[in-house]
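One protein chain, two forms: both are listed below as structure tokens, the first as structure 1 and the second as structure 2.
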Structure 1
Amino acid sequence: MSEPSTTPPTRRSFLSALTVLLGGAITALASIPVLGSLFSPLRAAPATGAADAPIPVGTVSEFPVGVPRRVELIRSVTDAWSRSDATTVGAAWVTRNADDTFTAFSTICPHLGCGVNLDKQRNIFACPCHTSAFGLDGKFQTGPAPRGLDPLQVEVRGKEVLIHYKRFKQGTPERETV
């Protein structure tokens, strides 16, 4: 390519540097809103009081003693832009103990998040995904899960049984809420 002889070399490199600079400015400017929105979900979610309220799952007499029963946890949920008044947010295995206290575990497997089943024959909780197994007390038995099932706090108000639902980080030995 022939260079236009009218432009002296120093001026030429100045012009190209300027072009690169302006091009960079365009890219940077355009990136700001794009990246900002991209990382938006990483901001801490605004705390919504309603979401932390315990979820009613039935009355005491509905739970047989000693046998885990699966309950769906239904409450109002706002998912990004849409609110639904009765949405299943998860499920729990709830056991009524002999002294009428309750034990509850999240059905989410602490390995990688599949739903854990009750295996009535072997009296364990079994994960259908990668064969993790847990005792009825939630303790880890075998498989790749790094810890036992995640307990959920149960509250009994009069006859009503309520569950404080939480989600936990998967794949780690220690239990962290997310």
Structure 2
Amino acid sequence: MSEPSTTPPTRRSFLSALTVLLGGAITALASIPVLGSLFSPLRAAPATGAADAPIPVGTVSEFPVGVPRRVELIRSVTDAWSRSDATTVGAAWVTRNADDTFTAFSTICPHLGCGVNLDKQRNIFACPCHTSAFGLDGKFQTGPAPRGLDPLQVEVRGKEVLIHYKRFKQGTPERETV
């Protein structure tokens, strides 16, 4: 049986061990900012209500009574690692009623998702893809659409008109938000 070697550490082995230890410490310190920037979205508090916040679409005076006006719905969109300002998330037909209340409908046809246009001659909303037609009150009139236009909640704060935008499932008779 041989006894374990009890050779004292040499100066070379001590410096090698010290170099590995210092190199590891420096690498660990340098990686902290990199790891922090990679995982910072996971630590950030979620933006509460940003997706549900009403979107301003204009002032009350910009909407003539009884005439539907198409408005683009623009907001900032944030996901885990990126933020894009002024992104169009949808559109709506907004009508100012005679009693100064507002009605808004999504411009997306509930059949297959085509954009619904205002047909001024027939005084209806019409889908150009499959000829579905809707009254100015959003009710279904004709075509393959399974329901009327999807209403959007309108809020008036002072003189500003705001819309609570939602997306709805298409092709179903029931109105389900997506």
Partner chain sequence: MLKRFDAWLDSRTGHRALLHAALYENVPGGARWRYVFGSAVTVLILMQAATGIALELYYSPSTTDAWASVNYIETQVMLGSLLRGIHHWGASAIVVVVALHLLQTLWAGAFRAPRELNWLAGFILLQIILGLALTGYLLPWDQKGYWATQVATSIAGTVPLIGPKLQTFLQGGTSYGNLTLTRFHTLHVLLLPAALFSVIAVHVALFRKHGVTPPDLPAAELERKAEPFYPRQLLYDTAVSAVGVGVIFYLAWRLGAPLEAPADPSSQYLARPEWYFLPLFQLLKYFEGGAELVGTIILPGVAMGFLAGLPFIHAVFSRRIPNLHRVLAGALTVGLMGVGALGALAVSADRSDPAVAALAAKAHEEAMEARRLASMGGVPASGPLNLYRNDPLVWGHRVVVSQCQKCHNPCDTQPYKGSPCLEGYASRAWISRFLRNPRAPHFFGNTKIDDMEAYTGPQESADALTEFIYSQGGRPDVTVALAKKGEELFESEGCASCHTLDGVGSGLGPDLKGWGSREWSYAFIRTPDATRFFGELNEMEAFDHLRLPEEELQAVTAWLHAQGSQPLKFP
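We call the rigid core whatever largest set of C-alpha positions still superposes within 1.5 Å between the two forms. Sequence positions of structure 1, starting at 1, serve as the residue numbers. As the structure is a computational prediction, the values presented were derived from the model and not from experiment.
In this comparison, the chain shown as structure 1 is the form predicted together with its partner chain. Once both forms are overlaid on the rigid core, the distance between the two CA positions of L38 between structures 1 and 2 is 2 angstroms or more.
When two forms of a protein are overlaid on their rigid core, residues whose CA moves 2 Å or more are considered shifted, and T27 is one of them between structures 1 and 2. Positional change of T78 between structures 1 and 2 reaches 2 Å or more at the C-alpha, relative to the superposed core. When the core is overlaid, the C-alpha of S16 ends up 49.3 Å from its other position between structures 1 and 2.
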